[in-house]
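One chain follows as structure tokens, the form predicted alone.
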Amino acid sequence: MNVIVCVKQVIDPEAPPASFKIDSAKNKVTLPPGVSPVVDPYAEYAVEAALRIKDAQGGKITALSLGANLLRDVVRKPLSMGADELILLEDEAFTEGDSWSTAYALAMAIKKVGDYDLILCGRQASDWDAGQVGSGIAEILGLPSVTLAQKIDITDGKARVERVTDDGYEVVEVSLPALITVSNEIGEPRYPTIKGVVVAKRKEPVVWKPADIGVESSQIGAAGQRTRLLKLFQPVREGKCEIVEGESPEEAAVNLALKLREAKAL
């Protein structure tokens, strides 16, 4: 089994929301000082799914990432977890894309890789939460796709996928090659081992520019966007707290019930 996993370098989602600043004029986020980027947590679930398939079936895992000025210690994490190869689409032309231009660049890189049975992506990225790139890659490559996988079993050239739904899960079978987006229900990603970290540091990623995947700069990144961001802002949340009192717990409970009835919460 040859598996390609798409991963993304993102701002650490654990960073305090108050540390983010919005440039309203440019519709951009100012990166908080002192907060290092990480591999997108949802992408780590996809790497874990790929490693489980490799453990059961054997084969090769290729991690694929896109951006500019990617931090090697960050994007090497799939290698330290057990992936075999890392390909970086690294150029300023790849940056600030929307879901379409990002999916297009990744799809063209996957075409160049050529030899694959399965493509895995996280269900969404923790920075924009759009959840569109995986399905976009499948559409561009003409592949069947399944989203929100919590379990993947490969047998006889087919993937049997348990797909998360609002009230449980459904089982879907799809012929390979295919693209599957992986949800966090698949289970916690394994920790990199010391040996894995050492091996990852010794492996140099393959770096491709737009010309290497046969695309023009006008087709990718900001230049290739098919959507326009009208407004980027931090929502203002205001809360009001009222203490309901009484001479006794029973009276306080009655007063609370009356307040809730007035507010039509009961």
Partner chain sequence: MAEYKGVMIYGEVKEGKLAVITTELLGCGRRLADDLGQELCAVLLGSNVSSLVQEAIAFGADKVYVVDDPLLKDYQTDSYVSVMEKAVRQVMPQILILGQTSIGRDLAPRLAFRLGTAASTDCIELAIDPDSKLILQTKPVYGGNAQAIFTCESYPQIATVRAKAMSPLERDDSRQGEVITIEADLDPSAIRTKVLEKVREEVEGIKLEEAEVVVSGGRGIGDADGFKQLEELAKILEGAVGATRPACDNGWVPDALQVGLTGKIVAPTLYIAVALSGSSQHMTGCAGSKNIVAINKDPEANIFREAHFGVVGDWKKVLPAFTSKVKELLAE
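Computed from a predicted structure; not experimentally measured. Between two forms, the rigid core is the largest collection of C-alphas that superpose within 1.5 Å. Numbering follows the first chain given and starts at 1.
Note that the form predicted together with the partner chain isn't included here; everything after this is about it.
Listed residues 185, 153, 92, 73 were compared with the partner chain in the predicted bound form; 185 is the one with a heavy atom within 4.5 Å. Only one of 62 to 70, 211 to 219, 235 to 243, 196 to 204 places residue heavy atoms within 4.5 angstroms of the partner chain in the predicted bound form, namely 235 to 243. Candidate site formed by 228, 257 and 261: every one of these residues places a non-hydrogen atom within 4.5 angstroms of the partner chain in the predicted bound form.
Of the heavy atoms in residue 25, none are within 4.5 Å of the partner chain in the predicted bound form. Of the heavy atoms in residue 223, none are within 4.5 Å of the partner chain in the predicted bound form. Heavy atoms of residue 100 reach within 4.5 Å of the partner chain in the predicted bound form, making it an interface residue.
Though the partner is left out of this view, residue 132 does reach within 4.5 Å of the partner chain in the predicted bound form, counting heavy atoms only. Although the partner chain is not shown here, in the predicted bound form the stretch 105 to 141 places heavy atoms of 123, 124, 126, 127, 128, 129, 130, 131, 132, 135, 136, 138, 139, 140 within 4.5 Å of it, in sequence order.
With the core held fixed, residue 13 shows a CA shift below 2 Å between this form and the one not shown. A displacement of 2 angstroms or greater separates the C-alpha positions of residue 26 between this form and the one not shown, with the rigid core held in common.
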